[in-house]
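A single chain, nothing else alongside it, follows as structure tokens in the form predicted alone.
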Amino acid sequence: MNATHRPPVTVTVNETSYRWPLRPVVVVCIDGGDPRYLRRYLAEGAVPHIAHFISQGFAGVAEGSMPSFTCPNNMSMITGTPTSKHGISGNFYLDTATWQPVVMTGPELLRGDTVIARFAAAGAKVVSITAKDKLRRQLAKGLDVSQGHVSFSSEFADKCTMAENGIENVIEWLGMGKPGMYSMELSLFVLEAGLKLLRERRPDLLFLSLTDFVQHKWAPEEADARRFYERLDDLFGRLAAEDITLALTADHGMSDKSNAAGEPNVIWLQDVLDARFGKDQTIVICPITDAFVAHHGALGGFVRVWSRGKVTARQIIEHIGGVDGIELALDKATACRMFDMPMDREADVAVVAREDTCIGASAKDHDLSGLKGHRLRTHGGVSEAKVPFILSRPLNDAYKAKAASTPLKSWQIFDYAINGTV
């Protein structure tokens, strides 16, 4: 901000007014950060900085957006709205004109503005760093990096350019090797880069989004998961020491969905529907699917079912509603009303799995080889929609009252961090 440009008193983003930040605000999305990890490590004394934030700042458990997947929840956080407003309700939806799935990672599909882009337009300096590049373009929608802003992923840290990312030579600049896609370092790279940018440029807003490799692979009681959270805690402590407001939340939780033998506890829903209604009468879309299925084999706790016209939503619901492991089978209107999702991108039937179960399409379409040697841990349902909501600074009186009177939503994280802290 130059001396002749005074910041505005407030910036309005998607009908929410934000005051100008009192100090840099850093929002971290701990991908897969199920509250069970923190409960365990707090009890063990393994995460002292997070414990300090909880005792001296604010902490609660918030409701995340449904389905409890990465893309919908990151977009909810960055826009400050539920999925019904921003429109990103999974990694895929079905175009019924072509009967082809449409990847939902393009910025043109994101409705409304992002918090960081609107603040950037008002004169703030902003940073967005993600682990996986699939999020980067939507998170940076409307952001002109030529104005000193930064947006990149650790996945493609070795390919950054000034024109595309607002930064270059990231590997050399940070002094860390390029992390592997299936490693905890992919997330740690994001935080180390955010910390260095904070020290060198002191931007006004930073959004740092991690990856859930660790939580997919290891349960809270396993040593590697504990080690990851200890390293996160160290970085959070170093970030907070820079006189900022640090906000921690997650896009979704994580549940064990394997049976007693250690095999995935799966309902192959397309096979179930084909056996009842015939092949090509329905289409099951698994909106968890992305390029990195070794985490989860494209199996999650939420799927969508479209009918090609002969089978009604009621027939589908009546047939699968009693299948063991299915928690909810809802028609479009009910699902959108219950979970605040966009009607035009919802299926005829939305299906939610029980906590210990996952849902796939057809068994032949899922490659589970990446799960060998590990229990399937995944997400997507209501059982994984509870997430931590932690601020390093205490709330002001108005937001204390708000938190006490209305349910916490993870998409409010920028609102609470900017408007709600002292």
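In case it trips you up, residue 1 is the first one in the sequence shown, and so on. All figures in this text were calculated on a predicted structure; none of them were measured in a lab.
The next section is about a form of this same protein that is not shown, the form predicted in complex with another copy of the chain.
Only one of 205-213, 333-341, 301-309, 83-91 places residue heavy atoms within 4.5 angstroms of another copy of the chain in the predicted bound form, namely 333-341.
The partner is absent here, but in the predicted bound form a heavy atom of 38, alone among 38, 376, 361, 27, sits within 4.5 Å of another copy of the chain. Although the partner is absent here, residue 314 is a contact residue: one of its heavy atoms lies within 4.5 angstroms of another copy of the chain in the predicted bound form.
Although the partner is absent here, residue 401 sits close enough that one of its heavy atoms falls within 4.5 Å of another copy of the chain in the predicted bound form. Contact between residue 60 and another copy of the chain in the predicted bound form is found at the 4.5 Å heavy atom cutoff. Residue contact with another copy of the chain in the predicted bound form: residue 397 places a heavy atom within 4.5 Å of it. Residues are counted as partner-facing when one of their heavy atoms sits within 4.5 Å of another copy of the chain in the predicted bound form; in 304-323 these are 314, 317, 318, 321, 322, in sequence order.
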